[in-house]
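Have a look below at one chain only, the form predicted on its own, in structure tokens format.
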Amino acid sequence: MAHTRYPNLLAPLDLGHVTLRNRVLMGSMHVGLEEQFGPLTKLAAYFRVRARHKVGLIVTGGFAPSWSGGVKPLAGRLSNAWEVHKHRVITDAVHEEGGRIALQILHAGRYAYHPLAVAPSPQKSPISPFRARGLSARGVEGTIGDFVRCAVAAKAAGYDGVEIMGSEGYLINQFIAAKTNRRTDGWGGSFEQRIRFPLEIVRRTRQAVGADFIIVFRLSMLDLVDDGSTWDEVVHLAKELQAAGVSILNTGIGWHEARVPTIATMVPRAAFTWITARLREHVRVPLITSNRINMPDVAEQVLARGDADMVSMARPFLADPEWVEKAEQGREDEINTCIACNQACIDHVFKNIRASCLVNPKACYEDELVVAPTAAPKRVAVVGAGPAGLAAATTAAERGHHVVLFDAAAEIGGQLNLARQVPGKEEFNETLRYFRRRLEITGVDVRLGSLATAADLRGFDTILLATGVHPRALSIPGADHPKVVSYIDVLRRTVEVGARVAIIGAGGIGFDVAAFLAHDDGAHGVDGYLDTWGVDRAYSGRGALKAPREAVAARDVTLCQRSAGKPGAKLGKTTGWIHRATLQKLGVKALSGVTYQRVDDAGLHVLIDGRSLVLEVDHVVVCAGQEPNRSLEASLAGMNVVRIGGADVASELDARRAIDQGTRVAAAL
């Protein structure tokens, strides 16, 4: 029977030998658990909970088919029969919950971060310090055999299928594109010879695993790099892959070295489903579309208009493992939405830290961070309804404690209410919607517009101080000049900022304020985003690139920092370059090694390399850091007080650390 609200999303998908229970694919994402010694028990716990809540098909993070194929030293592999037992705990866990799971086979090629890297041609990639060795013809044949053996081992381990990673600039994609395939033998040269590699992998894999095994191929439909594939080549390869025996074609968008953001929060929702839709008329096998699909209504719209047969979401299942079940039960307002920040997931993986999720610290800690009912309920006061306070209050109440949440403001959210004003960070609205609903469900006594006093807090067993931060004041002559304003006033729109602005402080807040003040109205929406970053919907050239639209900035902005070096160097590993490129497009000037002297009617006086300079601006916005707000703490002597969030450590409004700390402290009460 069709689901009334999501008839397409929740419809089964018949693949012939197996039927998937819905059209939702949990996309592949490396989380740092793949390298566990012995049986992959933590990874099994992670997948179990997603299968329990009805994901249609899960795809693991990438496992290498050989030592050389790993993305880093000691990366997860499945290349020998003796490794099969490590994976059996995963497949058993998923099948016990009624789910299906495929293992992704990923060979990094020139992206490998180790000296054993190999590629179609000897090359160094922009994202690895190691120069890859070119494969010999015998090496190519051996690598094809590695893929096949990995698939056979995956079947022996109980997987329902494999996904062959042929996109994002990894080895197979490197063979396909002339950019990275400079070979002159039978595996290079013409397009037909360059695609022999993926086609032989699929043909031989299908022959080895039989007809009753899912083979997903991740096809790069938009390379977004110079000398990438043309549209006709993508279509031709898709047809050949269908003939070779794939069960499903998945959509890959952009190489890792592409200078176009494809998954970050500033990318509009479902911004790339149009390219999958364009392929549907050319093939019969089911197509999966991907990138920035994070809520059921978006997924349903994508499927309803015929863009694809399935939707792929990876990070949304870090944020909420119950995503599918909540959609099925009409509990969309309870979904903890992925905000595409990358801070605790992809950024962690690139730092060799276990992935988690900014909005869900339990992700990848399923068997460690357990929120269990308490046998001894306490009276808990949480002072401050910012990210730390919200996480702590709802977690403590979920456990059965009696929780009162105080905040002097008229609404929950604290600094999140500032962050959501920044262009490209609107997804924080979803986080606030989620917490409002969580407060209702868990029964927290919420007292807004209430400045808590020591008298209010007497009688509580525990007081969690989540009072946040104060902006650090400017301490130079003229700091009280009318031109000087705080970032808080700017983001709250309580001041009318002039056309020329200087920003003191080039950390995350400084970058956000610069983007807020210099924003380009023409960059909004899918078409505005594609034009701004130079993505060609018409696909008239290789890689689907075109000249980016020239940005029109709302203001003239100068971003200043005291330290030497590149402004924004400490921003997120995977998103920092996007923020820097965005400001560059908007014409924001960046100054380093700045000594601030004074502010007067002429503007901001600074010293750079011993040279005096006056920035003739209408306003000076102070983003010079924060200090913990602990003004209440002195009056709470003798009470059991625990600081969390910014009240504990005031560093760049770190919502990830605040939510994690609030959750863990409450889980341990």
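Counting begins at 1, following the sequence as shown. Being a predicted model, the structure only gives us computed values, none of them experimental.
Missing here is the form predicted in complex with a small molecule; even so, the following discussion is about that form.
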| property | result |
| --- | --- |
| Three-residue site Arg472, Gly507 and Ser563 fully in contact with the small molecule in the predicted bound form at 4.5 Å by heavy atom | yes |
| Segment assignment from 38-46, 604-612, 57-65, 620-628: heavy atom within 4.5 Å of the small molecule in the predicted bound form | 620-628 |
| Sole residue of Thr532, Thr230, Gln123, Gln343 within 4.5 Å of the small molecule in the predicted bound form, by heavy atom | Gln343 |
| Contacting member of Lys425, Arg399, Arg88, Arg204, with respect to the small molecule in the predicted bound form [4.5 Å, heavy atom] | Lys425 |
| Partner proximity in the predicted bound form: Tyr596 to the small molecule, non-hydrogen atom cutoff 4.5 Å | yes |
| Touches the small molecule in the predicted bound form: Asp512 (any heavy atom, 4.5 Å) | yes |
